[in-house]
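What follows is one chain in structure tokens, specifically the form predicted alone.
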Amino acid sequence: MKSPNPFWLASAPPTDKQINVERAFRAGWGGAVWKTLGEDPPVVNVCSRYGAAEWNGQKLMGFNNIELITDRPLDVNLAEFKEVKRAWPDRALILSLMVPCQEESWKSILKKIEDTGADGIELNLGCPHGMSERGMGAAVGQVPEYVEQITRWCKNYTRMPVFVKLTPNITDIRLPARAAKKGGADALSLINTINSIIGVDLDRMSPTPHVGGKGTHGGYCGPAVKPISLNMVAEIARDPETRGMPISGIGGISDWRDAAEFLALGSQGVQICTAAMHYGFKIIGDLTNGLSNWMDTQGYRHLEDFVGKALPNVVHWHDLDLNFKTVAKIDQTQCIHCGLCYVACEDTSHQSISVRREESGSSKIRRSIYEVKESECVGCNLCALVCPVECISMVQQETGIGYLPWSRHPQNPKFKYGGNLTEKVKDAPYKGPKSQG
């Protein structure tokens, strides 16, 4: 499956109609996953449908929706899809599907889409609201046995590649991923939206968005979910049972750097929704140019040169080097003497920053000088994270001691009794840096 760039629009309102998708392709998007199609039961949407969380002036930091799959007739969607694919043969165009968890339901809809020219299908097994209450979406995606069964049905009844879109509303994302692979899936898409209530209107005493004074749980996405998405992508990419499966990364991708992080953790491409809904389709220029320019600076000629390159450095906690040490250092020439680092460390961390008063210049203005107590600093990074002008750096210290993971630490009870924690953990694919033993 090919596209001119790795940026696809995710299955969502931006891909609900021919006019939307063609506008996106004219802007330069590499592909699109059509808004999820269904056949039975009928779909009726509510008003209003969207809610948002803002943070420090950032609009749509978190985005919530209670919208269902497409409410447009199946035959209309399929006719428009075919026209778009014929007009844009160089773009990846995927059909997203959701029907009841019955073999005949999947067999029926697959017959109807076989001649659309779709590059593949994406099984929506992740929607957490509305459809899940009808026994579809996340209700299916949370049960690995159902994931495997539906995937196998689809592989039996279609010639097209099958993407399985996973729900994040589960304890261990690897389980449905493994099930999808057993069922014959060609690729995985993740994550779908996270089950959420975006907020409460304290005047109406109703969850938002409200529908006639009532509200419900919905699907959460946007920049705020990126850390969750990255972790789940990495979990699957480094799992011995699913390693090597193509992954389409989704969740909180707002700029080229976000996309590069997903690719570095094993995604072969990315899907974007919230950023497009926030800023429009023309953001694709910033995405492609930004990624291309960064690749030039790093010497990467092809995406494959760095896809998955960060994975060897994602390890289990017990494989981290306990002898690695950093100490905070404050650049006094850049410090604005706000005291945030001192307050954070003194009140909630390790009391590793001292404060003293001194007079400054001929004006004799007294100001506070903050200095790190190196012997007390545990290198937790809190001061550097709260600093508004980024004048605090974490400086690595030479300890003169080699690599020491928890599995070999003297205080580890299992080590004392001859055990090795790393060997006990069956799903740990990496055993620490090889160069350090």
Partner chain sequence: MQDSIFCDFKPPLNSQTAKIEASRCHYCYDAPCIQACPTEIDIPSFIRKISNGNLRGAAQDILSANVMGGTCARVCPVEVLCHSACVREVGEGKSVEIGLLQRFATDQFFEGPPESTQNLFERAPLHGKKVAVVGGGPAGLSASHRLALLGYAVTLFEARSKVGGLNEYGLAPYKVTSEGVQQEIDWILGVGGIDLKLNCALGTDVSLDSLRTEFDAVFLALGLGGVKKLGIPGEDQPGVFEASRFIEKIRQTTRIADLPVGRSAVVIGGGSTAIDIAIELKCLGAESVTIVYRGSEEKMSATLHERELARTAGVVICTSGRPVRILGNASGVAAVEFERTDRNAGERFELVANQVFKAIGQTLAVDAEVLRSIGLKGGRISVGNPGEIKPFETAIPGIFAGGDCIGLGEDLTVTAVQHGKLVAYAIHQSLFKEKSGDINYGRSHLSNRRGEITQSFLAGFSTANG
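Numbering follows the first chain given and starts at 1. Please read these numbers as outputs of a predicted model, since none were measured by experiment.
Although it is not shown, the form predicted together with the partner chain is what the next lines describe.
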{"item": "Partner contact for residue 406 in the model of the complex: the partner chain, 4.5 angstroms, heavy atom", "value": "no"}
{"item": "Contact test in the model of the complex: residue 393 vs the partner chain, heavy atoms, 4.5 Å", "value": "no"}
{"item": "Partner contact for residue 159 in the model of the complex: the partner chain, 4.5 angstroms, heavy atom", "value": "no"}
{"item": "Interface membership of residue 337, the partner chain in the model of the complex, 4.5 Å heavy atom rule", "value": "yes"}
{"item": "Segment assignment from 187 to 195, 340 to 348, 307 to 315, 162 to 170: heavy atom within 4.5 Å of the partner chain in the model of the complex", "value": "340 to 348"}
{"item": "Heavy atom within 4.5 Å of the partner chain in the model of the complex - the one residue of 214, 302, 366, 86 that qualifies", "value": "366"}
{"item": "Answer option from 402, 42, 388, 410, heavy atom within 4.5 Å of the partner chain in the model of the complex", "value": "388"}
{"item": "Residues from 48 to 85 in contact with the partner chain (non-hydrogen atom within 4.5 Å) in the model of the complex", "value": "56"}
